[in-house]
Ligand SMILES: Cc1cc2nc3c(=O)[nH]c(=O)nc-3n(C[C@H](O)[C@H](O)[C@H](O)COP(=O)(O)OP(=O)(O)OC[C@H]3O[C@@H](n4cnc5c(N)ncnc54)[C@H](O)[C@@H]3O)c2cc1C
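For reference, the chain that follows is the form predicted alone, supplied as structure tokens.
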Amino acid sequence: MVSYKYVILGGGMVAGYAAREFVERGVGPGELAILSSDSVPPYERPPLSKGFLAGVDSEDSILINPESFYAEHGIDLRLTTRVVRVDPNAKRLFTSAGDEFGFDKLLIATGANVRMLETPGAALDGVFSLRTFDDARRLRDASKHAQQAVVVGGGFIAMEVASVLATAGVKTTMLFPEDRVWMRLFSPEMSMFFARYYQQRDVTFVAGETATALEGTGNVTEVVTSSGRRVPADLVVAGIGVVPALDAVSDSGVTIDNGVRVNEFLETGRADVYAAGDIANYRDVIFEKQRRAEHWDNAVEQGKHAARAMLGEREPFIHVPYFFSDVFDLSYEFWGDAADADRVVYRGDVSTRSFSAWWLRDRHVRAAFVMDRPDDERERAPVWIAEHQQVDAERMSDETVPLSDLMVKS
């Protein structure tokens, strides 16, 4: 058995950024190990549905750290290593190959697994999901020969994949059960804007329906919907979300609750065991609720924070939830949590490609969406959310009023 002072279970984005933080803070050779079931070193996930899928980004360019980084700093990076059991009491990890690893402190960063289509025909060739580097590479290669695609789902991954396929000249249909695109996040006006924008770029929306069967001989040729509609497709992509990857820790004694439950310090409650990234259901001290976030920024910041915590810096993780997306020639950003908002106010024209949306509760800013707007809006959004800033909602949509004049003292 080999033992290490620090072990990261998982080889995703948390691992890549935590490793960098450990190195910057002086962790020595032989003290850190990363046990990853993936076949490549930690990489950025956003390009998988954007630049890498489109053939713009290379394999090397999406690595978080150069492949040589780990050996140069004495980090034991174990790829294609599947941990099947964690014993926090004995401080041991056990792999499917029968190996054992010891640790003083452990960071659980197993991420999430993609939801798979479970309809008849889902095992046909030409049916893809998108979560890993290998998924993206296979989908990218298949899309070069595709003529017609169906993207199942109406969230941000589905929207990104649909935009890449349509831009490449593939006739693309988006199929989702909700009444409008990304209903969970977008306001009705925002959904209307994006639906029109996509349709102008030859993406067909089939809303309010599900895929009930995939048909074909060998390769998929059709998607049958819940209304009986038949949509031709030689490529199908499922963008229907992910679930926490809990197999390795299900019997470890950590609290399982929509992921691994941790406090504001990313501590699991088991001594010297932490969790971060997609797997972590953490205490959000800004919104005073438990939250599990499946976004790039959360993995980056929690990876770095967890490394510092394991090195003895016990500070709460205080961070405004954030993500960004690129679709066609649009780029937008979102901060906060709109779940309990009672009002949304727009600056700019929501029927155009330049507007911002501000979700308020009792006039306090809870969330913001910004697309092609002045830097002041981008800069103030996370600050106002973190500080629970109250604003003059009645004047907020008036672009002649500077944002600084909208602040109301509590």
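The numbering used is simple: start at 1 and walk along the sequence shown. Because the structure is predicted, anything quoted here is derived from the model rather than measured.
One more form of this protein, predicted together with the ligand, exists but is not displayed; see below.
- Of the stretches 257-265, 188-196, 143-151, 320-328, only 320-328 has residues with a heavy atom within 4.5 Å of the ligand in the model of the complex.
- Mapping the unseen interface onto this chain, Leu35 counts among the residues with a heavy atom inside 4.5 Å of the ligand in the model of the complex.
- In the model of the complex, none of the heavy atoms of Glu301 sits within 4.5 Å of a heavy atom of the ligand.
- Within 4.5 Å of some heavy atom of the ligand in the model of the complex lies at least one heavy atom of Ala248.
- Proximity of Gly111 to the ligand in the model of the complex falls within the 4.5 Å heavy atom cutoff.
- Contact check for Val14, Arg45 and Arg82: all three have a heavy atom within 4.5 Å of the ligand in the model of the complex.
- Of the residues given (Leu130, Ile240, Ala211, Val203), Leu130 alone sits with a heavy atom within 4.5 Å of the ligand in the model of the complex.
- The partner is absent here, but in the model of the complex a heavy atom of Ile157, alone among Met310, Val181, Leu235, Ile157, sits within 4.5 Å of the ligand.
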